[in-house]
Ligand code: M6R
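We begin with a single chain expressed as C-alpha cells, specifically the form predicted on its own.
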Amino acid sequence: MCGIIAYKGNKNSTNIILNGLKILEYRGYDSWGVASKNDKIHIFKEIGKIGEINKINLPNAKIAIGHTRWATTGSITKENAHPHLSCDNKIAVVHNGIIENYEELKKNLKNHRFVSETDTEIIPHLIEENINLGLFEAVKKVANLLEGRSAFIVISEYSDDLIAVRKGAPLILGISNDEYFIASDIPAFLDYTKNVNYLDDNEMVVIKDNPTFFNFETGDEIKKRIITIEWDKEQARKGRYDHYLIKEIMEQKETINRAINQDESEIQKIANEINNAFGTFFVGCGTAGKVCHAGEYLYSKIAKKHINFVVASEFSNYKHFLTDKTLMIAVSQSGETADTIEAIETAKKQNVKVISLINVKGSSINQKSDYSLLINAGPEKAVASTKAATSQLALLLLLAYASANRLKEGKLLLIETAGMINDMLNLRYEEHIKRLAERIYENEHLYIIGKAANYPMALECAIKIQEISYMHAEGFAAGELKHGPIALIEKSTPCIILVANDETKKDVLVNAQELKTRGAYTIGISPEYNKIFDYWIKVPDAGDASPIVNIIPIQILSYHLALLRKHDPDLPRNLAKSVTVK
C-alpha cells in the first residue's frame, strides 16, 4: 500500500524523487521521506502530506530513494517514516509490505540499535550484519530470510549500486537512455519513460551501469524483455479538472468502449472456459467484489448459468470444493490486491485455472493468471474506483452474452450504452446531482436499495459514499427492508432507489413506497420519473447494462458530498488505492 520510487542517472535525483512521490500520493499515506547519496547518505522525513513542497533540504545527488508510508507496523511518527538506516547510517532502505517474521529476526540482532517501531527497520540492520559478503550478497541473503509479501530498495555508502528486491509486492523498472527508475507503480516515472521491465516474484535487480536481474533464491541471472507501456502520461494528470476523481468519472464517456474493444475470439474463448468448467468463481475485493457480485446476477439472467461469487479474503474457506475442473475469474484494478493474490494461490494449489480481469499489464495477478484480459481503463489515480469498475462490469456483461452465444448482441448493447453515457455526462447533469448533494450533505445516514444486479450496485453506492464523504451509508436488497432495516428510517432520511426498466421495476417501486410512507426522502435513479420520488436523477434505459448507468450518478454524488463536507475526494482517510497487504 506504500509508494516506492528510486532513481539512478545524471539528473538531480531528489527533484525526480519528490515529483514521483507526489504522483504516488493516490496510493494513500500518512508520512513520507527521501534518502539521497553522493559521498554520504542524506535523509529527509516528514509526517503528513507532501502538499505544495517543491524542494527539500538535501544535496544534489545522482542516486536517491523515496517512500510514502501507510502505517501498518508502528504509529505515525517521523521515526517510523521511511527510509530506514543501519546503525552506521551507511545503508538506507525503503520497503512496501509486511515482514511476518520480523520479531524473530529482530531478536537475533542483539548488537543493533533500533529507533523505530517498524518491521522495515530490520532490513538495513540485517544487510549491515552481512555487509562483509559485499552489498549484493548481503541483500540476496536478507531477501531469503524475509517471510511475507514485500518489496524493498537499497542504497549504501558501500557501493554505487541501486538494488531492488521483489517478494510478492509490485516493483517496476523504468528505462530511459542512461537513467533508471524503480517504482511500485508506473505513473511515478511516466513523465520520463514508457519502457519498463517488470520484476517477478523472488527477483532482484542490481543497477550498476546497466541493470542485471537475478533470482535471489538460486542466484541465477535472468534475461528480461523491455515492454513499452501504452498509457499516455496525460491520462495520469488532472488536466482541467480539480480532482482525479471527477476526471475519471467523466472519462467513462470513453472507457466503456475501450473495455469492450477486445478480440472477439478471445472473449468467446473465455466464455467457453466458463461454460465448460465444473464450478466457476468470481473473486474480488471491495468495489471489484461488488462487480463480481453483479456478474453473478448477470450470468444467471443472460447465460442461464450459476456462477459463485466469493469475496477474495473469504475464498480459502471454499478450497474444499476446488478441483482441476474449477475456474476462477479474478477481478482487480491494480492487479496487486493482496487478498485476491492469496485467493489465486489457494486456487492454484488445487490446479484451478485462473483468468483475470485487470487494468495493469505485468501486475502480480497478471503474472499468476493462466490468462488475463485488460480492461483498458487507463491510469486510475483517485483511491475510489470509478471508471475501472464500470469497465469491469462491461467485460463481465460481454462475457455473459458470449456464454449465451449472443456476443454480437451484447457488444451492440454496450456500444449503445457507452453512447448514452457520453450524452449523460455533461455539466447540466453534474449540476443537477450537485443540487441534491447540497440538500442532503448534512445528513449522517443514507440508505440505498436495489434488486437483482442492482442490489450489488446498492452495496457499491454505499462504499462510494462511505469512503469519499464519510457519511454513514448502507445498501440493501430492496425486498429485505421489511425484515429489519426499515426500522432505521425516520423523517427526511435520504434513501436512494436504483431502478431498472425490467422485471424488477414493480417490486422496487413498491419498496420505495414503503420508505416514503415512513418519511424517507426518496431519490430515484431511474430511466423514468415516478411520483414516489422526491428527487429524480434520470439515467438511460440500458437494459441489462443498467448496473453500469445506475452507479455513475452516485459516483458524482459522492464527489460533491465530499467537497461539501470539506474532504479530499482523491485521498480519503485511512484508505489506499492498492491494498497490497492483508
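The structure displayed is predicted, hence computed values, not measured ones. All residue numbers refer to positions in the sequence shown, first residue = 1.
Not pictured, yet referred to below: the form predicted together with the ligand.
Contact annotation: of the candidates Ser364, Ser403, Thr120, Gln333, the single residue with a non-hydrogen atom within 4.5 angstroms of the ligand in the model of the complex is Gln333.
The contact with the ligand in the model of the complex, taken as any heavy atom within 4.5 Å, belongs to Ala384 out of Ala384, Leu146, Ile448, Ile421. For the chain shown alone, Glu467 is a contact residue for the ligand in the model of the complex, at least one non-hydrogen atom being within 4.5 angstroms. Contact annotation: Pro494 falls outside 4.5 Å of the ligand in the model of the complex, judged by heavy atom distances. Among heavy atoms of Ala164, none comes within 4.5 Å of the ligand in the model of the complex. Taking the partner from elsewhere, Thr504 is found to have every heavy atom lying beyond 4.5 Å of the ligand in the model of the complex.
Annotated contact segment (heavy atom within 4.5 Å of the ligand in the model of the complex): 459 to 467, selected among 188 to 196, 459 to 467, 147 to 155, 202 to 210. Residues of 277 to 294 lying near the ligand in the model of the complex, listed in sequence order, are Cys285, Gly286, Thr287, Ala288, the criterion being any heavy atom within 4.5 Å.
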